[in-house]
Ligand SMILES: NC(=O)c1ccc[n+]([C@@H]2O[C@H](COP(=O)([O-])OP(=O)(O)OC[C@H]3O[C@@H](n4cnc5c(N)ncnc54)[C@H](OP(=O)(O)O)[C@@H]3O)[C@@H](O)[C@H]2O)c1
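This document opens with one chain alone, in structure tokens, the form predicted on its own.
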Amino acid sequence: MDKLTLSNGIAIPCMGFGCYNAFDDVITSAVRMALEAGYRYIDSAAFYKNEPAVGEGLSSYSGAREDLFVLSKAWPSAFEDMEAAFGCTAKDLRLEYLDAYIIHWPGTNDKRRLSAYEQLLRLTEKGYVRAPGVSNFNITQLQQIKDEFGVYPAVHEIECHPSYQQRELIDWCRERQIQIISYEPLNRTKDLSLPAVSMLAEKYGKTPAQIVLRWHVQHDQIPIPKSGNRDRITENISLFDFELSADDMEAIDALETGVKDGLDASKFPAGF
């Protein structure tokens, strides 16, 4: 699989496998199938409450650890002790280090957020984390990190799909070498039924999911689809034998509605 290079020189696969909302043997089996299909980036989070099962799936990988890229996220309730939160995640995932560890949501308290990020930088300095990052931040919150610590996060994970593209934020991040990771890359499958996507699927002889995921890849934003179905897991990663034309990329760009599926980061999670 193709890889991208983060601002700190770390390589990351241009597509990952998400682990949200699947549990026990289901997610263990899904991670194993993903690794068998060729995924080398697994995207997890403490909030998903399934990391022991994800770790069980990861344990089946017989290749070199350095060939894997494993990301997890810390919930705002962990802001007071990020090292303890990392320790729990590392134990659950059966790993000695994480390739990326990121703040899952910014919360509403600037002081707590910046303190958490400072602790994250210490974890990076100690070698427990290779790339620090964030998720669901706005431009002001990203700039605060740069102003406080002199460097931008290496990665930023956000909701992104054809219906909600966040172009202003993504362009801003790209100019500052902040790598975008797209969660909900298919808009919970809603974007797959759009006529423009269906037409392109027929044109290229691909599935609608492959068309949308390829659009992400060609925009250099890393999609992290999830599935528990072996055929779909394999289908989703089969993106590297075709390329969308510039006109067809623009056709998908034109599907922007500005309607997001997820929550408002300025208000969620409450109390943090």
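All figures in this text were calculated on a predicted structure; none of them were measured in a lab. Just count from 1 along the sequence shown to find any residue number.
From this point on, the text means the form predicted together with this ligand, which you will not see here.
- Shown without its partner, this chain lists Leu186, Leu93, Leu123, Val197 as candidates; in the predicted complex, only Leu186 has a non-hydrogen atom within 4.5 angstroms of this ligand.
- None of Met33, Ala209, Val70, Ala53 but one reaches within 4.5 angstroms of this ligand in the predicted complex through a heavy atom, and that residue is Ala209.
- Mapping the unseen interface onto this chain, Gly18 counts among the residues with a heavy atom inside 4.5 Å of this ligand in the predicted complex.
- Shown alone here, Asn136 lies within 4.5 Å of this ligand in the predicted complex, counting heavy atoms only.
- In the predicted complex, His104 approaches this ligand with a heavy atom inside 4.5 Å.
- In the predicted complex, this ligand sits within 4.5 Å of a heavy atom belonging to Asn229.
- Comment: 189 to 197 is the region of 146 to 154, 107 to 115, 189 to 197, 76 to 84 lying near this ligand in the predicted complex, near meaning a non-hydrogen atom within 4.5 Å.
- Contact residues in stretch 21 to 44 (any heavy atom within 4.5 Å of this ligand, taken in the predicted complex) are limited to Asp43.
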